[in-house]
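Given next, in structure tokens, is a single chain: the form predicted on its own.
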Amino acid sequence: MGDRQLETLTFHNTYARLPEAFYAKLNPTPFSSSPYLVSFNAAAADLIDLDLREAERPEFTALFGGSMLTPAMEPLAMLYSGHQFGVYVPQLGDGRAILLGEATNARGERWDLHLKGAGMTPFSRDGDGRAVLRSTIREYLCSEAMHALGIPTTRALSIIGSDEKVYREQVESGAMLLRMAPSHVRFGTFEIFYYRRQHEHLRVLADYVIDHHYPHLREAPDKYAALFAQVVERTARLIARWQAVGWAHGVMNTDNMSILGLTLDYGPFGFMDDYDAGFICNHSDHNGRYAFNQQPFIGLWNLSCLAQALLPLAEKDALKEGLDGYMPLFEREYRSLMRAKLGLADARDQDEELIRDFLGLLQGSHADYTIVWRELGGFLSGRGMVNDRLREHFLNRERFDAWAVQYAERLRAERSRDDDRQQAMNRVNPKYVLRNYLVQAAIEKAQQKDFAEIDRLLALLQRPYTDQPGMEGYAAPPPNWGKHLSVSCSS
């Protein structure tokens, strides 16, 4: 557990040492009304050795509510561009977020402290630079839920609320989220210097990323192509994990893709309730570009944009070789994750068919993705055994019975023991995920200044694989009002 006070946090800002073309230096804009602490995440505080009692001090609320800085902070808004829904936008950048600096822990690890909702920047375009309580709660809870699921992601330290009014589809309360990551460099950070033909800046950026985040590549013979290959691998593994857990990003623009392979920028997102391969979680995505089943292909498309941006630094053939490795990497990782979800110890040729047919059963029955996978752990593989509880989830019972025979034969072929397998499956098939209706309930209470549900969900989601007494209702399917909740880019 950390023991540092706010004043003793060790700060750097290596990004501020880059040329001025990379950012705009400015301070956060404080709220017009008194800020207050909504929620504090002890697990994230540990990452920077911050004493948990610091959250009780008014200085904490002032610092992460935008009205105070420590002397070592060098706040700035990062510049980038990106392809948004397939169309290149020449300049984006941090329009409502400010990088305060990098906090260093006792192990020498550096964490960007990125304050979202910190006010207007030169990159705000027509925006107000603010975030609303609703969106900060969604990101705060989901980033921590994803981390607990073993999915690379940004983290979140705190939410600071206010009574300042912010206008979205309706009037809402303003809030600030303190987001943490080893880096906030995006694919779009490279794209802007490519399209501006500022190739020396492109080289400086690539060297910066290598030095700070891929140091083993410093002496590589073709280090920029090697960097790209590493990003390809991390992105493939990331999206395979999204697919396995049934999660959709919603806005997979290149400016929302991390150079470290982290889940970045939680706007409209969704864990699936009823399984639907074509699930669209963003009601602004009218053509389904970022539908659940399109995510692997959009990952490839986005990587091709990054490869193009790196053309001034690396040979085309070398970049193409890295890009060509994406789909095999993704498919290999995805099959491995899905075999684990099925409790299979070995890889065999028929596994792909077994996975595909089970997903087809889920789709045809509108079965709950999380619940059915969890219950599959209790599958009885002995000859003549019945799995009535699991069977009830499927409309086409005969089709399920046929699949169950194949599955049982496959388990017996590797001498799988039901009890041992269930324990292993329960470690990869979560019982609790952040369903949209759960976070909506927390938001509605928070809007009435009741923040207890946020903390309750945070604690629950930090142990998603563990049965938690008294919390069974959080593992239940959503009520009718909670299905297909509309979530937009303002979320």
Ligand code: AMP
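Note that the structure is a prediction, hence the values are computed from the model and not measured. Start at 1 with the first residue shown and count on from there.
Only in words, not in the display: the form predicted together with the ligand, which the text now covers.
- Only one of 309, 92, 145, 177 lies close to the ligand in the predicted complex, with a heavy atom inside 4.5 Å, and it is 92.
- 127 is the sole member of 86, 127, 360, 122 with a non-hydrogen atom within 4.5 Å of the ligand in the predicted complex.
- Relative to the ligand in the predicted complex, residues 80, 168 and 256 are all within 4.5 Å by at least one heavy atom.
- In summary, the region of this chain contacting the ligand in the predicted complex, judged by heavy atoms within 4.5 Å and restricted to 129-137, 394-402, 201-209, 364-372, corresponds to 129-137.
- The closest non-hydrogen atom of residue 276 lies beyond 4.5 Å of the ligand in the predicted complex.
- Interface residue remark: residue 265 is counted as part of the site for the ligand in the predicted complex, having a heavy atom within 4.5 Å.
- With a 4.5 Å cutoff on heavy atoms, residue 237 does not count as touching the ligand in the predicted complex; it lies far away.
- In the predicted complex, at least one heavy atom of residue 96 sits within 4.5 Å of a heavy atom of the ligand.
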